[in-house]
Structure formats: C-alpha cells, structure tokens
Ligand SMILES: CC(C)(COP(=O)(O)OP(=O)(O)OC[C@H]1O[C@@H](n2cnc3c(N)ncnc32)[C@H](O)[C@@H]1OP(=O)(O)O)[C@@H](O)C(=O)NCCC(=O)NCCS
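This document starts with one chain, in the form predicted on its own, laid out as structure tokens.
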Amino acid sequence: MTFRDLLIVGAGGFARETAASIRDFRALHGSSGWRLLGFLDDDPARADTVVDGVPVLGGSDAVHRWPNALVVVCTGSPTNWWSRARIVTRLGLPDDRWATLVHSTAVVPRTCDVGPGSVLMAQTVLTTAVSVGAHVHTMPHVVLTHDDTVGEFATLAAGVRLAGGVAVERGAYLGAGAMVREHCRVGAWSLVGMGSVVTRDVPPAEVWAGTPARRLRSAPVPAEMHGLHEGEMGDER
C-alpha cells in the first residue's frame, strides 16, 4: 500500500476524531493510506503543542511548507459552522491538494460522487445516485438515500438521516439525529437542531428545530455569507 502525507487543519473535536481514525480512512479512488504529519491550527494557545499525540505544526497558512502533502480542513461547530468555508477560500489550494477521506466502513457505491476535501466518518451510508460536494463532513452513522444532494461545506452530524431526493444546500449544518423528509430542501447556511424532524423546506440562513421542525430565528451567519453563489466567498475575518 502506498501512503500519502496528510495535514489536518484544525485541532478541535472533529479534527481529533479524524486523526484518531486515520488508519481506517482510505482514498475514495485507489488504495492509498495516509501518513498524518500533524495538525495546523490558528489558535495561538495551541502553537507548538501536542494534541492526542499529534503535533500542532503551525497555523493554517503553514500548508505551503509541505507542498506535496494533501490537506483536509476539519473545523466547524454549531456556533461557527461557516469557518471551514472561510479557511478553504483563504488558503486557495487547487483541488488536487485536498484529501478526500472515506472511512473503511463507509458505503459509497459507484453511482455516488464525493467532492474533494470531504470526510465521511465511520458507517456513513450512501445508497445510490447521491452527490456529496466538496469539503462536506458526515459524522458516524449518517444515511443518505437515493438522489440526495449535499452542497459544499455542509455538515451532517452523527445519525442524520435524509430520505430520498433531499437537497442540503451549501454550508448547512444538520445536528445529531436530525431527519429530513423526502424531497425537502435545507437552505444554504441554515442550521437544523439535533433530533429535529424536517417535514418542509427550510429557507436559507435560518435556525430550525423541533418535531416537526419550525423556525426559531435567523442564523448568526456573517453578512458576507448571505446570498453568495457557488464559488464565491468573503475573506476570513
């Protein structure tokens, strides 16, 4: 087996989970494994530290010190789920520098597509004709059924279930255990609370929760994110 050098941007919860399972990830195409060089994190408090046995080698801009290493950005939380998009855009790396990590227990049929920079954690299941965009995170036990589309930078927390024909738009965040009815749409940069049941379309940049899910408020997404089209992004602030 051949191994590729890998840098993980971020050293928080999802980054640590990814690092802990690095031996169980494979490339989506081919048999390459991964040799983790370390974390890159912009938090000054983490500089020159070791997190779960993995060194923090510098800030995110240090990716340019290892031009042959592949990179994956593992940031984003329910309080700042747009951070991944900002970092990816600021780094400006070509698609062939982004690693696509697929856990060995994930199911990805040939009829499905997964974009660069995405991470599919353990026991993620794609059934057929599912499209997953770039820099998407799926946490353990996520199920995406026929004809679902997941836009770039979206996050699907553990146990999310999408019925057939669902569209999760760019940058949306679905909390743990959320379920979405067939043919519903979750708008760009929206957040769906954990355990929610979505039975109708969620507009962009809103927070929804409950069973059935209902609107709670506008999402606290930075102004430059609103109304952006695919491929456009403001500078990180």
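It should be emphasised that the depicted structure is a prediction, and the values quoted were computed from it without experimental measurement. One rule holds for the numbers: they count along the sequence shown, beginning at 1.
There is another form of the same protein, the form predicted in complex with this ligand; it is not shown, and what comes next is about it.
Among 66-74, 203-211, 42-50, 164-172, the region lying within 4.5 Å of this ligand in the predicted bound form by heavy atom distance: Selected stretch: 203-211.
Candidate spot P78, M139 and L191, all three touching this ligand in the predicted bound form (heavy atom, 4.5 Å): Yes, because P78, M139 and L191 each have a heavy atom that approaches this ligand to within 4.5 Å in the predicted bound form.
Distance check, A20 to this ligand in the predicted bound form, heavy atom within 4.5 Å: No, no contact at 4.5 Å.
Residue contact check: A157 to this ligand in the predicted bound form, 4.5 Å heavy atom: Looking in the predicted bound form, residue contacts with this ligand include A157, since a heavy atom lies within 4.5 Å.
V56 within 4.5 Å of this ligand in the predicted bound form, heavy atoms: Result no; V56 lies far from this ligand in the predicted bound form.
Any non-hydrogen atom of L37 within 4.5 angstroms of this ligand in the predicted bound form: The answer is no: L37 has no heavy atom within 4.5 Å of this ligand.
Of A176, M179, A62, C184, the one that lies within 4.5 Å of this ligand in the predicted bound form (heavy atoms): Exactly one listed residue reaches within 4.5 Å, namely A176.
Partner contacts in the predicted bound form for 38-55 (non-hydrogen atom within 4.5 angstroms of this ligand): Sequence-ordered list is empty.
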